[in-house]
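Presented below, as structure tokens, is a lone chain in the form predicted on its own.
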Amino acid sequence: MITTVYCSFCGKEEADGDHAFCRQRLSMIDPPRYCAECARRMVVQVTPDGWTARCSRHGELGSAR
């Protein structure tokens, strides 16, 4: 079984092109917008304390600040 990994910022396959800009944005300020497991758009909530991003299939991530 081949597992495809998707970029959490732009939603494209990690193997398709250079995602250096995406990684930079994710490491600095932006929460993930797409699920890395299925490329579905996630529900993102940003608060003064951090952020949460929820995929309807794979659950929730948080900034844990």
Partner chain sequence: MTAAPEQIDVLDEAREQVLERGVGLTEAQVLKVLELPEDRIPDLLALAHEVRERWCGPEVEVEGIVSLKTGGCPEDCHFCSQSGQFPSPVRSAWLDIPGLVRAARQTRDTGATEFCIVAAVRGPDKRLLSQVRDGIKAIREDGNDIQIACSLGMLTQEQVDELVAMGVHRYNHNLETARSHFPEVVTTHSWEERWDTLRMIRDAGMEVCCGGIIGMGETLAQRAEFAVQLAELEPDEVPLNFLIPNPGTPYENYPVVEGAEALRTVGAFRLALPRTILRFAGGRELTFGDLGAKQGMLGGINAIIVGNYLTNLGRPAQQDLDMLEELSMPIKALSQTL
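Numbering follows the first chain given and starts at 1. Given the structure is predicted, the values throughout are model-derived calculations rather than measurements.
We do not show the form predicted in complex with the partner chain, though everything after this point is about it.
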Should residue 37 be counted as a contact of the partner chain in the model of the complex, where contact means heavy atoms within 4.5 Å? no
Is residue 41 one of the residues lying within 4.5 Å of the partner chain in the model of the complex, judged by heavy atom distances? yes
Taking the partner chain as it sits in the model of the complex, is residue 17 near enough to touch it, meaning that at least one heavy atom pair lies within 4.5 angstroms? no
Taking heavy atoms and a 4.5 Å cut-off, does residue 13 contact the partner chain in the model of the complex? no
Those residues of 32-55 with a non-hydrogen atom no more than 4.5 Å from the partner chain in the model of the complex are 33, 34, 41, 42, 43, 44, 45, 46, 47, 48, 49, 50, 51
